[in-house]
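Single chain ahead, by itself, as C-alpha cells, in the form predicted on its own.
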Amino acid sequence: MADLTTTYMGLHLKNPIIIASCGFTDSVAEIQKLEEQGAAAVVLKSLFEEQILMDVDEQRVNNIYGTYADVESYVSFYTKKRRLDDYLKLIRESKAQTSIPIIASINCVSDAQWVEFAGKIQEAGADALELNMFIMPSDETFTGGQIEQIYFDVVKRVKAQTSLPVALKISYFFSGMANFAIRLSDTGISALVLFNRFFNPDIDLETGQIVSSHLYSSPEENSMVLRWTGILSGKVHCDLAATTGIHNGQSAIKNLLMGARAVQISSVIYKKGIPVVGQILREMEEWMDRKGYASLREVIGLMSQQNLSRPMMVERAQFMKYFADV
C-alpha cells in the first residue's frame, strides 16, 4: 500500500487530507468522526475578527461599521453563538480527545487589537493558526499596494504574538499574484492556502432579494487552484495547500502533482457526508498503486511548472492549443 504521509507547516500528517474550516469542524464529536474516516488534520471553524473585537470592546465594532445596524446585529448574534472562551475550549477538548493536528482559524481584514488573541490560541494548545484573509479591491481610494500592505501588517503583528506555524489563506485578486505570493512567503509564514472561497451574490427575481450564489464549490473551480499551485510551487519559500473544488481522490492527486503538500476539503463533505474522506483516500491509494508510486514524496510537485518541459502549459498554451485543433 502506498505511503501517503506528508509534512505541512512543520506538522507530520498521516496523509494530505485536511478538513477545511467549516461546520463539521465546530464540535469535538464531528472532529472525532472525521478522524475515524482518515482525516489527517482539521482547521477549526473560523472566528471572525469582528467577534474578537466585540468580545474585547463592543464600541470598537460599532466604529468599524458605522450605522450598519444589520451587520452589527449579525456579528452580535454570531459572537453569542461562539464566544472566545468557547473557542479556546474547543481547541483544548479537540486536542485532548483526538490525535490529529488542530489548526485554529481566524477570518480577518486588519491588524487591529484582535491579533492579541493569537497568543491565547497557542496557550490553548492549537498546533497551528490559519488566517483567512480577503479584502475586496472595491474601494477606489485604495491602490493594490495599499491592500497588499495590510496582509504584511497582519502577518507581522500576529507572528509577534505567537510562535505557532502560521498559514495565510488568500484569494487570487492580485495584479502581481506571483510576486505578491513570493513576498508573503518571505515573511516567515509556514504556508499559503490557495484559495479562499467567499460569498458571491445573486438576485432572486421573485423576491427582489440579494441571495447567496453557489454555496458549495464545484469541481470546475479547482482549475484556478491547479494553475497557481503549479506556478508557485518551488518559487515560494513556504508550503502550499490547495483547496476549493477538490471532490475526489483524483482531484486531490492533481493538486499534489502541481506542488501542494496538503489539500483541504469541505464542500464535498456537505454533499456526500463524512465517509467521503475515506473514499478519497482509497482513490488516492488506488491511483498510486496502479501507477507504481510507493510514496507521496514521489508525487508532490512532479508536474509543477518548474518541472515541465513546456511550462507555458499551466498559463495560456492550453488555450492556444485548444483553438488550434478546432
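The numbering used is simple: start at 1 and walk along the sequence shown. This is a predicted model, so every value here is computed, not measured.
The same protein also exists as the form predicted in complex with a small molecule; that form is not shown, yet it is the one meant from here on.
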| query | finding |
| --- | --- |
| One stretch from 295-303, 46-54, 31-39, 274-282 that, in the predicted complex, holds residues within 4.5 Å of the small molecule by heavy atom | 46-54 |
| T229 within 4.5 Å of the small molecule in the predicted complex, heavy atoms | no |
| Distance check, N255 to the small molecule in the predicted complex, heavy atom within 4.5 Å | no |
| Contact test in the predicted complex: C22 vs the small molecule, heavy atoms, 4.5 Å | yes |
| 4.5 angstroms heavy atom contact with the small molecule in the predicted complex for I265 | yes |
| Of F134, Y216, F152, F174, the one that lies within 4.5 Å of the small molecule in the predicted complex (heavy atoms) | Y216 |
